[in-house]
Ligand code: TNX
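The chain below stands alone and is given in structure tokens; this is the form predicted alone.
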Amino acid sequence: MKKIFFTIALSLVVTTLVMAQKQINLPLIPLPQKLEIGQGGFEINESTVLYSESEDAINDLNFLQAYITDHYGITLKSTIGAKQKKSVSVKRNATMKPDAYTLRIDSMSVRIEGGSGAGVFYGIQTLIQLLPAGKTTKLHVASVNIEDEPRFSWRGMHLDVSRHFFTVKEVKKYLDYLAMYKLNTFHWHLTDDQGWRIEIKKYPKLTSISAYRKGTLIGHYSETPERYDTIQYGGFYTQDEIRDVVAYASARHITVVPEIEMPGHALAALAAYPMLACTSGPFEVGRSWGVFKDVFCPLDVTFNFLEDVLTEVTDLFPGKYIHIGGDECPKDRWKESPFCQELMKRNGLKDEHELQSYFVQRIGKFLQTKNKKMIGWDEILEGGIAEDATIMSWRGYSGGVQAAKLKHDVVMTPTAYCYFDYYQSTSPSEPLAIGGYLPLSMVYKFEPVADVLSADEAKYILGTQGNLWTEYIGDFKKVEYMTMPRMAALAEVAWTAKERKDYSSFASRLSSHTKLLSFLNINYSKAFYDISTRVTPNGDRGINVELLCAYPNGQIRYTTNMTEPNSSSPIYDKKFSYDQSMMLKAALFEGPQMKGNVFSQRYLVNYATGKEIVLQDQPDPEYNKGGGFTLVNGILGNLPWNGNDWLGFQKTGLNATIDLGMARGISQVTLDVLSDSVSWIYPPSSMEVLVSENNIDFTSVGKLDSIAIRKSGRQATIKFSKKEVRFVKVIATTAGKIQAGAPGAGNDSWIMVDEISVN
């Protein structure tokens, strides 16, 4: 049990983030494993020669030459063979690890060596980050000595083109961003309920029917009533376009991993070929988001169809992995199907989870005949994992840990750190997103190797990737906004040695690196400049609230009178103490210019604020950013739930006891609760308040059922006749398993709870 001691008084301390260690000012992301900075540097100009000693590095040499010409208008001579003076040289060195490189810059030359073409290319990307972030005819680069190699072999980004479609040109831009950060895997989510995006010549209806929907949901999925437009929406990639993208990626040493969803998320395919379902249909390409009951039925005709599709897919993608999805597959239709029930009986399958395993294993064996490895979301663990399958763990760490212990390869991509469709700022001006909150600092905090794994088990963690689901991302500028600069943070997680990581160093380098993003006209998020909070205990004097900013320059200006801060507002440089509710607004200014968004927070004081609180059961680690203190810190969690101030419970409920410090006359207790079925979050099935004078003998003073909580909306309140008590216990139980047909059906539901108010 966790005990946290506070008093009702509030004290507020606002400071800027202090960089704890010596900073590396060069705008290099990810941080190299070894970096020495020398004096002076080298100037690349019209007389500089690009050269390689042999033909094997010519493609990478040409890449560098094209970059300099395209972005600076400087055309450099390139040559193969003899060493040149005042030159930039690239070389492959077979004695080095394949992805390792060295970059040595002095006043006479720039020299890049790599263990392979990929290593050379990564050295070139580091050089590019050292080039001026602006038009010039003289490119000065700092003198450095770099020895570098990646920590993980799988360093990836995902892009969902099913919910919203992006052109070949836009996909290539996305690949350029991966290349900039030395990411080497592009997970291309090509099929889903809302659209099929890849041409399959044997099944032309997949592009004439499945690639287009008759309209799209307007607004957020949680809104009622749901609203739709009537605009036909869709698109697909021809096989020639697929080959073009794969070749473009390969030239940047990026492997493309296609995802063909099965057995769930199949509605678009069923719209064209209804005989693949367990019911007769008809079906329509999905217009809304979420999970649909109709999935692929494990019929022979279905497997024939999928094997035909995968035959064409494997011919298009030379990489060794094919992603088969496997996530969020409702079992309703299988339970209702006499065929499925007979198939289960015939094969000794005890439930529908084992039927899914049967389905996945059959596909896995087929892929083996094509010399491909199957990868799927962590649900493919259920019912028994397929031989040689690789797991992509998205529902937290547990699936990845389980797979690694079973000696299966794992890519770690848990939602709490790697889902870039989540909000990255708490500002009301943030564009609509699915929900959740994933600031830049949280991405950087991610550690792909769980502590519970032994050294031998940790070897099965291939790496990590960021995921971008596009329900609420309708154009490529928003793709850029949602991924940048979080992609940079994840790249450092994937590349840089664990002991080399330091967020303050990263923040300092990023503040310079954003000049390159602006130079490349990338629509990156400015949430990096936003004010964030850190609330800590202050003993018997209340709580400390620090305002932090990762940007190393500028000043925080504030107001407490409900007005917006401006360049004339006072600079925050002193401590405030409050014993009543207050509103604080603050923003970062660099001279007269405000950077980022305005931070706004109301602190609400009641009898429970800052008091000792004990939780009988701890929240899930992924939704436990502040422990029990979150429930008594005076801060209401943001809606949509893009803030830190929510505790999440899945298998256990909330059981919290608050010590008011002395007997007080109270008559009302309120608990903030969240409802977001798309994210598997439901109001508690019940809420009860009990009171005690001695923390031993508790008396119930009120209870609400789920219907009453739903009717009350966000805040569930229990009122009772006034009582003089010192201890207040609040119990909220989970709603149990998610019902069939809802997102996450069959999984344990979540409750998200926030501030407990006692009055």
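In this text, residue numbers run from 1 along the sequence as written. Bear in mind that the values here come from a model prediction, so they are computed numbers and not experimental data.
Not on display, but discussed next: the form predicted together with the ligand.
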item: The ligand contact in the predicted bound form: R151, any heavy atom under 4.5 Å; value: no
item: Contact test in the predicted bound form: R333 vs the ligand, heavy atoms, 4.5 Å; value: no
item: Residue contact check: I434 to the ligand in the predicted bound form, 4.5 Å heavy atom; value: yes
item: Residue contact check: R213 to the ligand in the predicted bound form, 4.5 Å heavy atom; value: no
item: Partner-contacting position among D176, E688, D659, D327 - heavy atom within 4.5 Å of the ligand in the predicted bound form; value: D327
item: Option touching the ligand, based on a heavy atom within 4.5 Å in the predicted bound form, out of D421, D676, D99, E352; value: D421
item: Check all three, H265, W377 and W469, heavy atom within 4.5 Å of the ligand in the predicted bound form; value: yes
item: Stretch from 335-343, 413-421, 91-99, 551-559 whose residues place a heavy atom within 4.5 Å of the ligand in the predicted bound form; value: 413-421
item: Contacts with the ligand in the predicted bound form, stretch 384-400 (heavy atom within 4.5 Å); value: W394
